[in-house]
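Only one chain is given next, in structure tokens, and it is the form predicted alone.
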């Protein structure tokens, strides 16, 4: 199937006084219509910068310095900003990580949704507000007409997240990027939000890029997984293949640190150490200082992402 989104060798760097931070360093992946791809990794691995890069929203001093972002066969990096604005929030949209910062605290909920519809769909204000109420109902918010008149601080965290989803879906995007959509929500609300995203993906035939560190959410919601570490994709596979045949030492460490019902009793096995500081990454493979399988070659050069089996890619000298 032809990819709707095809990322090729994307590089996003931050040029600082202390040096260059390679937040996203030559990553490639694709996304087809109706599919959910999960981008997984610890904080600081480059997941959110990847998401912002796709929408060309990287804050300074960050800059996309290489690669291609092909959306429906158009390279977004070559589009004038005016053309990009017609895509951003319309054909490609994003659920941001923290709803209280994503929503404008001094505008009513209805005004914030209606603005999108007026901008991209050309609706009159009354039409936009009517459609806004329908969107709130679609995402499971009770008494939507009343909620249109509320301000963000009057809503619970779960309701604010649903408002963000309503805004992101207002124009029926072809691609939805969800950046940690269940962060800071309790387990019950997390499950409701993920069920909602899955239902809306199916109803609208969207492609969903799910950014998360929660492998439980991945197991329930994704079709394919890309594991990210220190700006690189280190493993990519279907969900079933990854959970049954995960190969990269970092992937194995993540899987070993997840509690399982009916599993062996005792302590979980954490990954030793921490993600290296952006300006102090080791030579060669960036995971080598934490890797129980590291050997001399790992310090000499970073391995390529190679196919272990059909559709299963791994970046590791021990696996190639």
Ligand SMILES: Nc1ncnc2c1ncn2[C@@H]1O[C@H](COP(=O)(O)OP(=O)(O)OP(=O)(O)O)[C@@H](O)[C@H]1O
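Positions refer to the first chain, counted from 1. Quantities reported herein were computed from a predicted structural model and do not represent experimental measurements.
There is another form of the same protein, the form predicted together with the ligand; it is not shown, and what comes next is about it.
What is the one choice in 273, 34, 66, 61 with a heavy atom within 4.5 Å of the ligand in the model of the complex? Partner contact (heavy atom, 4.5 Å) among the options: 61.
Quick check on this chain: which one of 254, 27, 285, 45 has a heavy atom within 4.5 Å of the ligand in the model of the complex? The residue from 254, 27, 285, 45 that makes the contact is 45.
Test of understanding: in the model of the complex, would residue 9 fall inside 4.5 Å of the ligand by heavy atoms? No, residue 9 sits far enough from the ligand in the model of the complex that none of its heavy atoms falls within 4.5 Å.
I'd like to know whether residue 112 contacts the ligand in the model of the complex, with contact meaning heavy atoms within 4.5 angstroms. Contact check for residue 112: no, nothing within 4.5 Å of the ligand in the model of the complex.
In the model of the complex, does residue 97 come within 4.5 Å of the ligand, counting heavy atoms only? Heavy-atom contact with the ligand at 4.5 Å: present for residue 97.
Whether residue 309 contacts the ligand in the model of the complex should be assessed with a 4.5 Å heavy atom distance threshold; does it? No - in the model of the complex, heavy atoms of residue 309 and the ligand never come within 4.5 Å of each other.
All of 16, 49 and 278 with a heavy atom within 4.5 Å of the ligand in the model of the complex: Every listed residue reaches the ligand in the model of the complex, so yes.
Sequence-ordered residues of 165-181 touching the ligand in the model of the complex, heavy atom within 4.5 Å: The stretch touches the partner through 180 alone.
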